[in-house]
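We've got the same protein chain twice here, in two forms, each standing alone as structure tokens: structure 1 and structure 2.
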Structure 1
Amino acid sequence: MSAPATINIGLCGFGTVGQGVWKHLSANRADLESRLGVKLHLSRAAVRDLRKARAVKIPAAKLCSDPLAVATDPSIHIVCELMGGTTLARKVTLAALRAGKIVVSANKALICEHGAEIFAAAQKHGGHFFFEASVAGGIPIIKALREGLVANRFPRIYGILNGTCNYILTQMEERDAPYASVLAEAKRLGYAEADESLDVDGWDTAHKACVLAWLAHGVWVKTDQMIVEGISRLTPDDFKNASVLGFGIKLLAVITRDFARNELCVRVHPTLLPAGNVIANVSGVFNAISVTGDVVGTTLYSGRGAGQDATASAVISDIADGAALLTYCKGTHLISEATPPESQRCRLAPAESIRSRYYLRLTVKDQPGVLARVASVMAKHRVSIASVIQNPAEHADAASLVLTTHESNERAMCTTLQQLAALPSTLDEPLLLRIGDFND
């Protein structure tokens, strides 16, 4: 099949990201065309409301209200799925792939829930699926894993994958401000959605961790197979305690593979990182990812993880790759065939194999013998205490106990936490955080 003289591009969704793609692709088209040796034409954009005023103006003739019509239009070569959600987005993506088209997506939830089906459709019908913008915005982490680091196996990948949470945590630490007030400010500034739960409860990060785990290990790990914890129970006191102990606190995705046991663990939770760790010092809305390969060692990636321009940059990068694929017939850019056969796949690590040191905060009655009872429960499950900090609590006649542990495991800590919560002297739900001893 001869390469098209002009690559026609259709957008399904014209919100913040879609408008950014249209704006920047229009502005930089001549330069891209010169590099690629082919014409790029923005053909159509499907929108929810044809009458809505938008910051980026495009001819009315190029607007339509049916994304499936864009996906199946035989004149369109590259379909950009930028709608979000997983229902209509799935239909649009599969329709375009079944027509043998290239699909570019920023939709991490879609990939997490339907990735296996999407890549199977691309392989079966000769389509191609590009998704650089689905993880970490403008940071080219997808290309790094599937291309630049292809010679490696990955014992550990971890990092900050949600700018909203990182902004909130940064403000809480720097201003000694409570979670609720910082969240309200983040909403006013546009850093947090009206319904913040997807971000602050860790689900957005979990969707991105799912994508990275598949790229690195060829396994689809669903969010209900992960440890997923958010940031809403953190207080300014936790940052003070962490600082005394020599740590900062970040919401991390952590993907680890024990190659000797052939076990994979994917988790999302607030983590204490040593103050000298590079990622511990990434602030505001920025993302950062550490990738450890068995050949290259550890590499670090940092940049804007969200927003119109950063995400549009990643989408346009995929459009350029798709155009090059169509023009020069280089073959499948993302190797969906790379998923390992069943005999080589790893299993998910059981709770007793997931090991860490821990930070535990308890609000207890301020009376003799309480610490001894806490220590007794922990000793029963072979959880060894490394340090203790006692602070006044907000409640009258109460104290805040902060304990760190030597290395233990998730099963032991889960049981310990349940029994500590049931003690008559425990006044509030305990808070458990992991300590990240990553030695980068």
Structure 2
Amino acid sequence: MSAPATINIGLCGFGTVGQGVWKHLSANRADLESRLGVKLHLSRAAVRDLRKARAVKIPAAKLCSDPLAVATDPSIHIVCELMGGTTLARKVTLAALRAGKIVVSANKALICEHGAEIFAAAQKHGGHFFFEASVAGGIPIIKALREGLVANRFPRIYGILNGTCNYILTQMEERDAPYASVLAEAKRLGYAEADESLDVDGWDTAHKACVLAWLAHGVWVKTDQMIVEGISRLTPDDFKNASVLGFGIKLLAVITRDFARNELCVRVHPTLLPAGNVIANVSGVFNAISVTGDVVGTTLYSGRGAGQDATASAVISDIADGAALLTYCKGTHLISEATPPESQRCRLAPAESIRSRYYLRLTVKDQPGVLARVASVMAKHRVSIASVIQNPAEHADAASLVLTTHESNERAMCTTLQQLAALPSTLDEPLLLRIGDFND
């Protein structure tokens, strides 16, 4: 079959990301066409509510309310799934792939839940699935892992993968701003998911960590196999305590592989990072990822991790890959589509293998013997205390105790935490944060 003279593009979803793609593809079409040597045509877009006012203008005749019709329209070559969610998005994606089309997706939740099925469908039916926008917004981290770093195995990947959370944490730290008002700002700026708990409870970061872990290690690690903790229990005082101790706090995804033991660990949690660490200083909606390869050493990537323009940049790069594929290599697969080798013998690291130093905040009765009882619970589990800070607490006759530990492990800390929470002198649920001793 000959290559089409014009590549027709259909969008399923015309919200923050969809409108960004339409706007920038329309504005830069001539340049893109000249680079690619093929015409690009924005055919149509599907939305839920045809009457909604939209900042980016689109002819009414090009809007419809049936994403499946766009996905299966025989004249459309590239289908961009930009709706979010996992039910209709899965149907639309599979329908387009079964028709042998190219699908471009920004939907990390979909890939995390149904990635194996989606890649199998693409392979079986001759379709193609591109997903650069699904992780870290405008940073080309998928291409970096699949192409630029193809020579490497990856003992460690860690970083900030959620723009909304980094925006909130930065504002809390720098302006002492209340959590709720900063979250509302992040929503207004188009950073947050339709269901904001995906952002603040760590699930969006976990979905992205799942995608990166698959690319790096060929294993689908589901969110219920990870430690996933969000940012909603952090207070401005935690930033002050961390700063006194020489740290900043970031919500991180951490993917580590111990090749000698063949253990993989994927976790998402707020982390204390040394104040001098580059990623500790990445603020606002920016994401940053440190990738350590066994051949290249450590490489670092930073850029806007959410928002209309950054995400459109990544979607359009996938559209360009799709257009090039259709024009020059129809019937083949790009290097960037190669499935990562499956790590057959790799197992998930057990809790005692996950080692770290810890930060522990407890609100306790301000009475004689309380600190001794806390220390005795920790000693029972061989958790060694490195430092103690005592601050006044909001409750009368109470104190806020902040302890840091020497290196321990998740199993010991989990039991310690349960027993500390059960002490009669403990007044609130304790907060446990990991300390990331990452220097690069």
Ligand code: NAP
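Residue numbering: sequential along structure 1, first residue numbered 1. These figures come from a predicted structure and were not determined experimentally. By rigid core we mean the largest C-alpha set that fits within 1.5 Å across both forms.
Worksheet item: Of structures 1 and 2, which one represents the form predicted in complex with this ligand?
Response: Structure 2, which is the form predicted in complex with this ligand, differs in this respect from structure 1.
Discussion item. G100: after superposing the rigid core, is there a C-alpha shift of 2 Å or more between structure 1 and structure 2?
Written reply: It does not, since the G100 C-alpha is displaced less than 2 Å between structure 1 and structure 2 after the core fit.
Worksheet item: Is there a C-alpha shift of 2 Å or more at E229 between structure 1 and structure 2 once the rigid core is superposed?
Response: Not so; E229 is displaced by less than 2 Å.
Discussion item. Given a superposition on the rigid core, I'd like a yes or no on whether K187 shifts its C-alpha by 2 Å or more between structure 1 and structure 2.
Written reply: The answer is yes; the displacement is at least 2 Å.
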